[in-house]
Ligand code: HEC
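This document starts with one chain, in the form predicted alone, laid out as structure tokens.
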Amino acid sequence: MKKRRYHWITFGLIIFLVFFLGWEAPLQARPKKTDKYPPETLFDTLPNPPFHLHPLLAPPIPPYNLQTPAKVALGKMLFFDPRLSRDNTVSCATCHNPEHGFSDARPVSIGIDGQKGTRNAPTIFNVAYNKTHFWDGRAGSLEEQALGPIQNPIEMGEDLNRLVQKLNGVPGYVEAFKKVFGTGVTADGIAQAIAAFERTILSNNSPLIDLWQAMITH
């Protein structure tokens, strides 16, 4: 009983430090500062599945899209590739910018041809825990959400069939999809890979999470 009481006292002190003293704990998933976003140089410290979290704290992973390092790497390439847009100018990272906490610093997001949206893109930090996605909750999974902006005419404005054909013309993508899914490039594979990468964007390993894990474990 005394040991449990000690845990709760410690927990309360950390809450006080975080929320009342303005102490900001470093996030393991915070990317390095850079002006460009080549996939091979970003997120060197991102954890691989299962994210080194206690099972009670780890985000749910759908059984049809299990995490693998190769799938996450492919999703990262897709996330930062402007070729997913119709005119090859807008990537997922354009509006979910790691320099701004994977969100958009502009009042509303801007898509192809300089078109303005009606909403600001939300952060993707910890979206792995969300049950619904988009501001209005219209997508029930990250896989469903991933294809929405690609097809939206004022965001990335690309047709999925044309995108699949485009990426099947890129040898690197053909090789990566073959390795991960055993097929060529497909729309489902694009969605699953991007979702797998987004599930690694977690604000984990903060002192508060470490304390939580310690309390659960002991």
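The first residue of the sequence shown is number 1, and the count goes up from there. Bear in mind that the values here come from a model prediction, so they are computed numbers and not experimental data.
Omitted from view is the form predicted together with the ligand, to which the following refers.
Remark: none of the three candidate residues (76, 177 and 193) comes within 4.5 Å of the ligand in the predicted bound form, counting heavy atoms only. Shown alone here, residue 72 lies farther than 4.5 Å from the ligand in the predicted bound form, counting heavy atoms only.
At the 4.5 Å threshold, heavy atoms of residue 101 stay clear of the ligand in the predicted bound form, well away from it. Although the partner is absent here, residue 82 sits far enough away that none of its heavy atoms falls within 4.5 Å of the ligand in the predicted bound form.
Interface membership of residue 149, defined by any non-hydrogen atom within 4.5 Å of the ligand in the predicted bound form, is confirmed. Contacts to the ligand in the predicted bound form (heavy atom within 4.5 Å) from stretch 72-104: 79, 90, 91, 92, 95, 96.
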